[in-house]
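A single chain comes next, written as structure tokens; it is the form predicted alone.
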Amino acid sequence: MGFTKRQMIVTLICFAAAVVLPIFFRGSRYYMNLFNLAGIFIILTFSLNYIHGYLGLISIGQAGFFAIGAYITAGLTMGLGINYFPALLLASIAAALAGVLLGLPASRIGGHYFVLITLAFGEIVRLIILNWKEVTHGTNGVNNIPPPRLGPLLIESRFAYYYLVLFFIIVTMVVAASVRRSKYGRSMLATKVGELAANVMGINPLSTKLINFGISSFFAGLAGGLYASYIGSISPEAFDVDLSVDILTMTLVGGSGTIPGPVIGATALVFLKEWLRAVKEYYMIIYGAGIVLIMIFMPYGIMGLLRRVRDVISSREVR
């Protein structure tokens, strides 16, 4: 399944806008910080999209894989002196292995039991970080994490870091689109519809889920490694269950199971949460009410609404 001409044009326009837009905000540390955080959360939302969008499972444990990527990246760069990019790859692989190990028991069950297992995993990771003080420094966290270095180039400004994050977003989107169009992607969707029917068709649901968990965890770890080097310091409270709920919300708001969905959902909610801080005590009320209204009137997210609008326009053109 290839891209249509319209999809290619829209993709190129969005890519060009993403490349050019930060130039107009280069002097604003505030907006460059929001752009970078939104980019990191886009990758993290893509990681959950593999589980929820392609398998139909709800995970509340993405913060755990995010933390694994962040702490291992920090440990390898600071403790062992490994260059940032090999450290980021190793941390992402470690998160992927953790995802496969979690998938061995979790993939055999579904529904609320799966939610509870992923929730427990995220909390276990956080508690290990909190109590393994010899390695993680506990509540003090890990500070002074060095910025990425690419040869002689030190990526330390927010403007330069934006393009590093953008590069990994593009890689993430290309992988997601390739997986979705592949034979394995069709196996995922078949497993989502019905495991028994998929098994009859010669698809192994267990191996499909394990591969899916591995890919999902890899990109969550990648986002964690990017987050650690960008913020420069990490601590256990940054990886609590609230983060996992936020990522699930971003997935649902943008449109689960789609390619543009994580981009739209993560960007919208990162900016919305920041702008709502101006209303102080009403912040959580307005934010929560807005999410509820979106779920009621746009049950398939913003992408679902855009598809309905497109279908209406197409039907009128046919008439």
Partner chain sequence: MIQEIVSGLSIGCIYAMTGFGFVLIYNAVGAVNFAYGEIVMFGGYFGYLAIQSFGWSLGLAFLFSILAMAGLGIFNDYFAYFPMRHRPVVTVIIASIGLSILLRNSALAIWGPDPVKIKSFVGDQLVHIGNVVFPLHQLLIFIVTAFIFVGQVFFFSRTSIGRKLEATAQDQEMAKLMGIKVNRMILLTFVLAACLASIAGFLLAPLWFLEPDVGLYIIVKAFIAIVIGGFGSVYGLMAGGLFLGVTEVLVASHLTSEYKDVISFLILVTVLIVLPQGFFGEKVAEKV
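Residue numbers count along the first chain shown, from 1. These figures come from a predicted structure and were not determined experimentally.
Keep in mind the form predicted together with the partner chain is missing from the figure; the text below concerns it.
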**Prompt:** Taking the partner as it appears in the predicted bound form, which of 125 to 133, 85 to 93, 69 to 77, 162 to 170 has residues with heavy atoms within 4.5 Å of the partner chain?
**Reply:** 125 to 133
**Message:** Checking a candidate spot here: are Ala63, Ile264 and Arg310 all in contact with the partner chain in the predicted bound form (at least one heavy atom each within 4.5 Å)?
**Reply:** no
**Message:** So, Ile58 and the partner chain: in the predicted bound form, are they within 4.5 Å at any heavy atom pair?
**Reply:** yes
**Asked** Quick one: is Leu116 in contact with the partner chain in the predicted bound form, heavy atoms, 4.5 Å cut-off?
**Response** yes
**Request:** Would you please decide whether Met295 lies within 4.5 angstroms of the partner chain in the predicted bound form, comparing each non-hydrogen atom pair?
**Result:** yes
**Request:** Check whether Ile109 has any heavy atom within 4.5 Å of a heavy atom of the partner chain in the predicted bound form, and answer yes or no.
**Result:** yes
**Item:** Any residue of 67 to 105 that, in the predicted bound form, places a heavy atom within 4.5 Å of the partner chain
**Value:** Pro105
